[in-house]
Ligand SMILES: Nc1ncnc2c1ncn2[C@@H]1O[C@H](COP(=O)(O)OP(=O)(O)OP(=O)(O)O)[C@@H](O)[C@H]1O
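This document starts with one chain, in the form predicted alone, laid out as structure tokens.
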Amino acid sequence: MDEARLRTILDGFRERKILVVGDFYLDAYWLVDKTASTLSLETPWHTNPVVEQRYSPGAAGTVTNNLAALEVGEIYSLGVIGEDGFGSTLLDRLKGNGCITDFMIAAPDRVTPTYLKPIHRGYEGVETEGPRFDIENQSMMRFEVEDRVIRALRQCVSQVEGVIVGDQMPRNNLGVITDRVRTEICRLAMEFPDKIVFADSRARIGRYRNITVKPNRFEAKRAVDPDWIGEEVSIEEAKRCGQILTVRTDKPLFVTVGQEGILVFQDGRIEHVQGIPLETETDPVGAGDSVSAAIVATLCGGFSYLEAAQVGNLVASITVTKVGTTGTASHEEVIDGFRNISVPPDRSRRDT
């Protein structure tokens, strides 16, 4: 890939129409000024004065953040939130990013999944992030709400070129992507073979069929060997697991391998897009979501799976340099990052 080809791919993002469906969270950052803390009159505790609040879409919402930064033309969001203040805030932030939220579903018996992240500030401006408070649903969606999700899926899929599934809830059937919703997504992928349907799931990547999936090496290993409890997965083992998964899904797939890049599995071949060396501090939070956004936006433009991996790899090399935040990458940053690569831009290697 040369710069002209990369520009063509990025320019085409403005024409793309992509749906993100799944577990939308609200990331809430509360800055606590400990220097202003006082002893409560009613309790034996010092107060935590919140002097600043920041909110942004998280989990599946992080994918929409990246799609927006990459200037994707139409971004649709489909998730389930509560009829609460956090839900209103999440919708406002999604709309602020240019998302079309017409398919978001509010249910009175659900909470809006929220990660509360306190940032404690002390003297001389020293800041430390404290333990996170997680607000999540503790029961499965009612059948009627599942029906609403499935109807919205069917209504929206005809309007888009690609679907990104964010199956993030760690416990089975407590998030938006229940077994029944997942089955419907796989059915729609067969019904609309011209659509790019793509899933990212920390715990259930092995349950998807007929769609492209993108596990990291550890998720791929656990999908193939559920009893595995190791701590390291080699490139060769990641290749083995990816080959098994691509047979199961009957679709090309990607396996991310951290700093070593991305493995692409297609038509019995394995192509390794090497990682981009970085000489700065990095933060991997949200890197996988930026890869997903870039890959799907590229595939929806009719470009190859190898090119999609190359663009995803490049975008992630930018987002990981944004320490302390869930980073995104603009067109200008992607082009500049491409120019700054010190080795030839097309560094992929084909294996058999």
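Just count from 1 along the sequence shown to find any residue number. Bear in mind the structure is a predicted one, so any value in this text is a computation, not a measurement.
One more form of this protein, predicted in complex with the named molecule, exists but is not displayed; see below.
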Answer with one of V285, L306, L31, A68: the residue that has a non-hydrogen atom within 4.5 Å of the named molecule in the predicted bound form. V285
Using heavy atoms only and a 4.5 Å cut-off, determine which of G87, G162, G261, G242 is in contact with the named molecule in the predicted bound form. G261
is_contact(T256, the named molecule) in the predicted bound form, heavy atom dist at most 4.5 Å: yes
4.5 Å heavy atom contact, L299 and the named molecule in the predicted bound form: no
Would you please decide whether L278 lies within 4.5 angstroms of the named molecule in the predicted bound form, comparing each non-hydrogen atom pair? yes
Considering non-hydrogen atoms and a 4.5 Å limit, does the named molecule approach A294 in the predicted bound form? no
Partner contact check in the predicted bound form: of 225 to 233, 174 to 182, 145 to 153, 212 to 220, the stretch with a heavy atom within 4.5 Å of the named molecule is 212 to 220
Answer yes or no: in the predicted bound form, does the named molecule come within 4.5 Å of a heavy atom in every one of L188, K195 and T246? no
